[in-house]
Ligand code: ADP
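Here you get one chain, nothing else, as structure tokens; it is the form predicted alone.
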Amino acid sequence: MPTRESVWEALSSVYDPELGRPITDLDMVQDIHIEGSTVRVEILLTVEGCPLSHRIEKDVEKALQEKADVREVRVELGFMTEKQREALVEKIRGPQPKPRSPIMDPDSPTRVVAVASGKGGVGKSTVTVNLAVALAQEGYRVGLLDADIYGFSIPTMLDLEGPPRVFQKAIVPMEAYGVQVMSMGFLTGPRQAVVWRGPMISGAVEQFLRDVLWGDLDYLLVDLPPGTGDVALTLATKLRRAQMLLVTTPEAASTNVAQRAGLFAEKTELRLLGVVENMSYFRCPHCGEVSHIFGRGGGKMMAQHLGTQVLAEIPLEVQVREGSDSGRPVVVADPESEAARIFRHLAHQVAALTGAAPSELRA
């Protein structure tokens, strides 16, 4: 027979899909009624018309049936009052008078990984998206900040459209494949250009770090714009504990420029996790022969010069491009492809280097 304790424990495994925290921690469980093997749960949604109410309802039913041995589940949905919402935001962010994400705290447990490149066109955003989703598939709680303010591409790669929801004057990140996502692309039209000077760009990045209602994240991946400009400097200044992953392609023109981003990491005391060589080779789908279309060995030479290692060599595959265009990353659309397997290996490498255990495995 289910008990109140077993029901509560099961409900603690249900996460609000937007705020990224257990509904028990968010004070969304109003009451629990147990009548034999039937359990009735009263859940308070954060706002009326919540677009993910059906998902929360189904997750509650599944958790109770699988983890608390409940035969019949009845979920009654209500809505928080203004006072309850204010208390919830303060609980998430703390009592600071100004909206602020706990990610900004020096002792935050969130691992911040900045994905950088020296030049555009090397597939940096593709690597970031697939790495984020691969980490989420391994059980990590992952956020993805698209900090490429001028050339944002993450919304297209994850098939997301804005605007995001605003909750108590804070921006709620959008969600795709278990990853919380924030991008300037959610705040502008698809055909609009961002025409800002450096200080405004830096201010926007700081606001995304501070005022977005990120959940309890194991990882925040930051897709940096190419080069070593204002955005990278803002990140290095505001998040001293951030680490960097450097993306390049094999040819000399790419690796020579990418080295500057690596040297930037050294000067700003960001730990360089390693190098990812994208478009490393092409394997013929008919005969299996490997061709190094963009040259060979550039990533390894750059890693040696920077005193680090190559963590992954991603092949040039049609599936990767198709996944980015369709909004279904290759680790989701074609998980058995060679590129998808290497992306998952990269996720394991990053987890090992940063020392994080999946949230679901932590006590």
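The numbering used is simple: start at 1 and walk along the sequence shown. A quick note: this is a predicted structure, and the numbers were derived from the prediction, not measured.
Not pictured, yet referred to below: the form predicted in complex with this ligand.
K.L.:
Give me the residue from 279, 80, 88, 184 that has a heavy atom within 4.5 Å of this ligand in the model of the complex.
P.N.:
Of 279, 80, 88, 184, the residue with a heavy atom within 4.5 Å of this ligand in the model of the complex is 279.
K.L.:
Find the only residue in 178, 120, 203, 139 having a heavy atom within 4.5 Å of this ligand in the model of the complex.
P.N.:
Checking each option against this ligand in the model of the complex, the one that comes within 4.5 Å is 120.
K.L.:
Heavy atoms, 4.5 Å, this ligand in the model of the complex: which of 297-305, 57-65, 26-34, 313-321 makes the cut? Say which one.
P.N.:
Checking each option against the 4.5 Å cut-off leaves 313-321.
K.L.:
Can you work out whether residue 157 and this ligand are in contact in the model of the complex, taking contact to mean some heavy atom pair no more than 4.5 Å apart?
P.N.:
Yes.
K.L.:
Spell out, yes or no, whether the shortest heavy atom distance between residue 153 and this ligand in the model of the complex is within 4.5 Å.
P.N.:
Yes, residue 153 is a contact residue.
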